[in-house]
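Two forms, one protein chain; structure tokens for each follow separately as structure 1 and structure 2.
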Structure 1
Amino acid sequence: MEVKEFEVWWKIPFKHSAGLHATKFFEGLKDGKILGVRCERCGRVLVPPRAFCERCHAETSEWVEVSDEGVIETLTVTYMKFTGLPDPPYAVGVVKLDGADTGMLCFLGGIDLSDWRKVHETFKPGTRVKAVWREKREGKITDIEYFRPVQ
């Protein structure tokens, strides 16, 4: 006998606490600043900020502002629709900002994303990019609309 499967959808309203570090990070975004924390033990600057350095397990408390420019470390382009995400095509990548030692996952844009070959000619590891900020910011990660190539 074959076991039956049913497709169901759950809608579960809840509130997610961002915690102190993420809250300060989001408040920085609202002011057009990207904030990270420096590990007092190894000196790395972690962006987005975390309460502990994942390498040293030391608490972090020294806040630093990093640039809104950096380099792409890796990326992918999506051409299929996923629930809760923008209509395709869209590109996401890990960007290591100037002044940071870790990468931040972000949207990439500012170019035509419909031809993946052209996308990969423009966006590749090492490509310099700059944040495109929303005019009206709300203290959310989406305050950075995307990162565009630096000419």
Structure 2
Amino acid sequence: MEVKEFEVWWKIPFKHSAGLHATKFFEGLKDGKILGVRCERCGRVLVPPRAFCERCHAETSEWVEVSDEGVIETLTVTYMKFTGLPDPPYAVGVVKLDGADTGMLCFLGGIDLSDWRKVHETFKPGTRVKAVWREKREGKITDIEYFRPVQ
């Protein structure tokens, strides 16, 4: 006996508030600036910014601009198509921007992604990278299209 199956979808719209801190960060992107916050207690510059430092359990209110250049901490290139996620191949990495104490998740690009070993060589941890900005910026995280190697 063939067991019956029923196809069901969860496709439910939400609207997530970015809060005041992230909103200010996104406004900065529109101007081509990457903003972070400094924790007054531990001195860490948190990028992307958030309203409190989790280590100190303290509010953050001191805004600082950080560089759009930094170093690669780690990366991966995705070759499989996952439902609803970007089309492969796409490279994602964690970049620690100059002036920041935390890493930011971002796309890596500007090179051929077909051979992962070459991509890992080009972007190996410690490699310096720079943001490639979209010409038309909307105040979204994707205003930074990707990070490319610094020549």
Partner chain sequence: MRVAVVGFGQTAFRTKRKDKTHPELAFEAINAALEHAGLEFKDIEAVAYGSMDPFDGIYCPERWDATACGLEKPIMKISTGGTTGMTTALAAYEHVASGLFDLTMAVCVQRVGECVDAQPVLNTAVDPIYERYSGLGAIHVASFQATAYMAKYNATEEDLAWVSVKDHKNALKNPYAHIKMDVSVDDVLNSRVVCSPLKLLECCPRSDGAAAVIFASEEIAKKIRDNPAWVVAETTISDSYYLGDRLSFAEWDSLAIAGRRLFRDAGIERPEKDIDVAELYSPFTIQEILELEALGFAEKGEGKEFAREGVTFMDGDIPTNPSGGVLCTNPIGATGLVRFGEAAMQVMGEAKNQVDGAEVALSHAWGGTLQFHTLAVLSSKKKLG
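Shifts are known only where both forms have a C-alpha. Residue 1 is the first residue of structure 1, and the numbers go on in sequence order from there. Note that the rigid core is defined as the largest set of C-alphas that superpose within 1.5 Å between two forms. In this text, all values refer to a predicted model and were calculated from it rather than measured experimentally.
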{"query": "Of structures 1 and 2, the form predicted in complex with the partner chain", "finding": "2"}
{"query": "F6 CA shift between structures 1 and 2 in angstrom, with the core used for superposition", "finding": "4.2"}
{"query": "Sequence-ordered runs, three or more residues, C-alpha shift 2 Å or more between structures 1 and 2, rigid core", "finding": "1-8, 82-86"}
